[in-house]
Each structure stands twice: as structure tokens, then as C-alpha cells.
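One chain follows as C-alpha cells, the form predicted alone.
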Amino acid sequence: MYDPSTICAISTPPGTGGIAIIRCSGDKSFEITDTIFSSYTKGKRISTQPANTLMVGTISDESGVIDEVVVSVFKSPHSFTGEDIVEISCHGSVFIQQSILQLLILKGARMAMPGEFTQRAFLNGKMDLSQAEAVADLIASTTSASHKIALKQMRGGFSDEIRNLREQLVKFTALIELELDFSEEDVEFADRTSLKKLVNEIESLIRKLVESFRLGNAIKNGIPVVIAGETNVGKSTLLNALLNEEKAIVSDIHGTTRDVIEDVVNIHGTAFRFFDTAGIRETQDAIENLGIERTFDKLRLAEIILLVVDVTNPLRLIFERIHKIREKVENQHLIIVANKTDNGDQDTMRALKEMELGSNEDLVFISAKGRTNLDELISCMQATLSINQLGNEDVIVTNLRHYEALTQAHSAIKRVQEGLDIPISGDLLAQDIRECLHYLGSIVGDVTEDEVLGYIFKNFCIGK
């Protein structure tokens, strides 16, 4: 699994820029870089410099100087990978970058695989597996919310939670397994009352982590928001207003939107994934009916449903539509968007204001065409998941692999709960606890197969 050869790669984005960074890691990184680098301070070599040193000089080949560079020296074990690292900061010309990279390879380094620097950091004990995965999430973060969660996980917040759970379980597992060695004497080392209390606490914590994935996945990939309602109530106009572009066709003709239109927009640091859906109505048009079916499919997957109603329509029709959508809502947050307030009937709007709302419902009055009161709607959407209120102590699961492992760990700890209630023998309890420990350990990398590591790090960019 581990190839100890010295690796190199360009760590900055591809293309031309002001500066590029070429990274080299491994036992021979100093030796290899010394063969192509000449310091402006005569006689200075990289291999003789103290850690965390910057050197200015030139990179040259047999034909002459390629570029003037700054070389950063990081010594094992106090580096990102835990190995000796050299980072060469050169000018951002593609020609210069490739020339230096080719020189390093010519002198004995090899091209790094995707994520190999971070993989070495994991294998050398500089970070655990969940922290390594958080590095990729941090690089890919596009909003303040996803950045905040990835940074917390990279600093070990999630790992600490998992390790705390494991430590508590390991202690009782050891006591139960000690009982098995003295099974003939009928000795009980692990107090079942204390164990039951501990298991209940652990089950609650794991369940909380599992349930947090819904929010974490939404933050990472964009909170799914379905814009629903009858035809011609202003759904597409609202989408265009929220995206600030003419994404959807707007027309007075009923049934213009026949498929789901999707787009992601970053609003005040939160990514929302909007779905403009086909208008819900009775129709004989086969294609339009397919679009309406997809509308109901998206409703099930949404975190937030924006039910757009036209306040110029009769109140009876508006209440009928609200009632029908309420029947479809499960755990989603429903925001009733009363649109066309610039032309709306005052009695209708007053009746809507007096309408009783559920605990997961809000009501906002807007004019999508006039783009009025959109800020209130956006604030309402943000408050729904309380992303901006995430505290420093909140642990949110964003990784699908972690979610699957936690789900398996939760199933195992539930069996332990049931076993303590029956009760069952210590060897069966120990088996379920060990299974729970296995899945918790797989998250941080205490128990990891090579193919899992290969899958995780192949999704990284080269140079990280």
C-alpha cells in the first residue's frame, strides 16, 4: 500500500498565474532538489538548512536558468506528510511549472498520485482518516457553512467525538470478555446497570450523528428547495428572481414548465439547490403529467418546499392547494409563498395572515415580478435549518461513508440494548459491541482496508 519513494506534483490550480507551488515529499526530497537549485547565498544547500527555512535562488537545467524561486524547507516529522518536504514557489508560467516538474522526475522523484500527500499524512499518523477526508471537503467548500464544518472536522472535532464513544465501549468490552475467561465461576465484572446506562447514552449520541447527516449532506451539496404550486402562480418568475438570471421561461400560457429546472446558488454563505417544478393541475397532456409526477418525486427529496400561491386567485382555491401540499409534506419545512401581492386582494391576504400555521410552516408575502420582500423569504429559508447558528461544539456528519458506518454502528448498539433487556450471555453482548467498535473505528481509520483507502484518496486532486 505504501510506496516510500519521493513524490512531486504541482499543488496550485492548473493554468497560468502569478505564482505556482511545486511540492516534493520523501526521504530524498532535499537531495533531489539540491541537484537543480542554486541558492543566492553561496554554498548553502537545502539539506543542511534548519526546518521551516526559506531560501531564494534559481532552478536550472543543463541549458541554463529556468526561473528564480523561493524554496520552503520542512523537516520530518514536523511537516504535512510527516516526511521531509520541499515546496518550490516559482512564477506561474505553465512552461516553468512543467520544466521544474520534469527536472524533479528526471533527478529521481516520481509523479504523485491523486491525494498521495494527504494519504502519506494519514499513514504517518499526522491525521486520522476522517480528518484526511475533511481536507478534500475543505478544498471543495464553496460556502461559509460547508467551510466551517470541513474546517472543524479537519481539526479533529468529529474524530474526538468518535474516539470518546470508542473509549467508553472498549472499557466495558474488556470487562465482559474478562467474564468469559471466568465463565465457569459465574463471576460478573461488568455491572449491567452501569453498562445499560452507558449503552443508552452511546446509542443516543450515535443516533444524533446519524440524524445530522441530513443537514450535513444538504450543507455540503446544497439545501434542496422545491418550488411548487399550480400553473401560472409565478414559480419560474420566483426562480429567476432568486437566481438573478433568466433561467426559466416565463409565460402567461399554462403548463410552460414541463420538466424540473435545477440550479444551485450561494446566498449569504449558504448553498441552495433550487428545483422549479411543473405546475400542479389536472391535464390530459401526457408530457405535462410526467412533469407533474416528477414534481411529487422532488417534494419527497426536498428539505424546504416553497409553495407558491397566487393571491389574485379565489381564496377557496388557495386553501385547497395548501391543504393538498400539506398532505404530501413529511419532515420538510413548508414555506407558503403568497405571490403577486402588488395586485393581490386585500381580503385574501388578510385571511392568509390569519391562517393557522404548523410547527414546520412559515408564510411570506412577496412579489416575484417586482422582486419585493425576497430578503424575508431568504431569511426564512436560512432560519429553517439554522445553519448560521451552528455552534463550535456541534458535530455534523457530511460524509456518506461516515453516515453508512454510523448507521451500522447504531444497528449494533441497538442489539446490545436489546440484549441487555432480555438479557443475553456476555459472549453475544461482546460480539455486538465489537461490531459497533469496528464500524466506529473504520471512520477514523483504526480499522481500514486498503481498497477503502484507495477509493477515498483517488477522489483527491493531484498535489494534495
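We number the residues from 1 along the sequence you see. Computed from a predicted structure; not experimentally measured.
This next part talks about the form predicted together with another copy of the chain, which is not shown.
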{"property": "Proximity to another copy of the chain in the predicted bound form (heavy atom, within 4.5 Å), stretch among 29-37, 411-419, 430-438, 58-66", "result": "58-66"}
{"property": "Interface membership of P314, another copy of the chain in the predicted bound form, 4.5 Å heavy atom rule", "result": "no"}
{"property": "R207: touches another copy of the chain in the predicted bound form, heavy atom cutoff 4.5 angstroms", "result": "no"}
{"property": "G370: touches another copy of the chain in the predicted bound form, heavy atom cutoff 4.5 angstroms", "result": "no"}
{"property": "In the predicted bound form, E87 touching another copy of the chain (heavy atom, 4.5 Å)", "result": "yes"}
{"property": "All of L138, S144 and K464 with a heavy atom within 4.5 Å of another copy of the chain in the predicted bound form", "result": "yes"}
{"property": "Candidate from T407, T53, T48, S425 lying within 4.5 Å of another copy of the chain in the predicted bound form - any heavy atom", "result": "T53"}
{"property": "Partner-contacting position among S72, N244, N343, S194 - heavy atom within 4.5 Å of another copy of the chain in the predicted bound form", "result": "S72"}
{"property": "Another copy of the chain in the predicted bound form - contacting residues of 15-52, heavy atom within 4.5 Å", "result": "G15, T16, G17, G18, I19, I21, R23, Y40, N52"}
